[in-house]
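In structure tokens, one chain follows: the form predicted on its own.
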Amino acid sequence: MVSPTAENYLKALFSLTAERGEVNITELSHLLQVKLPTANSMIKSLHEQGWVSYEKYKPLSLTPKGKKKAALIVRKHRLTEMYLVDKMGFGWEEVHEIAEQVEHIDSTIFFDRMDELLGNPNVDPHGSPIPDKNGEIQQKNHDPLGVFKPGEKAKLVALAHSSSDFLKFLNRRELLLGAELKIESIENYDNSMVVSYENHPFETFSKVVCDALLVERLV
């Protein structure tokens, strides 16, 4: 059995390698907010247990065993977030910290039942894909809204990140997944966009926000 702390390392490695391709211990320690010697010690331990491939001065990587384990932790986290929103009425900005705790429960039947009650969703409340029971994950290459041009339309299907502050920002503007957006204009100076959607005819979003809104093009 892997400890909750070790699981956090595996999940962090899974996330960083998906985002950046290569990861070093310094990046990992920054993400987990631990000192470098602490991270180094844990990585060596995970290497000895066969979860992580580690060579001094080389990028870290998960072994096949480690990658599957990490994906299943992500599965538990995202299923929990979906359950909290869909069945318990939590806001999408409220669920991360709770899911961080629940993901360490070691019960396959518990999460399989949760999956069944939810109707086997493919994505979590933020549009991130939920790995299946085998740890397989189907990544979808959505476009950021920031690449669209005036007059084009798109449907919001996911977020590039789901920090609480960002989700609260979207809540204040009543912008949720499934919203159909139209690019009204783009500011040449800073590439901010004026966007329209239901009950919001002219919302201005910075380039940072537009690049974090992942969309599907509408004809």
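Position 1 is the first residue in the sequence shown; the rest follow in order. Quick caveat: nothing in here was measured; it's all calculated off a predicted structure.
If you look for the form predicted together with the DNA, you will not find it shown, but the lines that follow are about it.
Engineer: Could you confirm whether Asn40 comes within 4.5 Å of the DNA in the model of the complex, counting heavy atoms only?
Structural biologist: Yes, contact at 4.5 Å.
Engineer: Though only this chain appears here, would Tyr57 touch the DNA in the model of the complex if you measure heavy atom gaps against 4.5 Å?
Structural biologist: Yes, Tyr57 sits close enough to the DNA in the model of the complex that at least one of its heavy atoms falls within 4.5 Å.
Engineer: Does Ile25 reach the DNA in the model of the complex, with heavy atoms at most 4.5 Å apart?
Structural biologist: Looking in the model of the complex, residue contacts with the DNA include Ile25, since a heavy atom lies within 4.5 Å.
Engineer: Does at least one non-hydrogen atom of Val194 fall within 4.5 angstroms of the DNA in the model of the complex?
Structural biologist: Heavy-atom contact with the DNA at 4.5 Å: absent for Val194.
Engineer: Which residue, Lys155, Lys44, Lys65, Arg173, has a heavy atom that falls within 4.5 Å of the DNA in the model of the complex?
Structural biologist: By the 4.5 Å criterion, the partner-contacting residue is Lys44.
Engineer: Please tell me which of Leu159, Leu167, Ile186, Val34 lies within 4.5 Å of the DNA in the model of the complex, judged by heavy atoms.
Structural biologist: Of the listed residues, the single hit is Val34.
Engineer: Can you tell me which of 173-181, 159-167, 26-34, 146-154 lies within 4.5 Å of the DNA in the model of the complex, counting heavy atoms only?
Structural biologist: So the stretch in question is 26-34.
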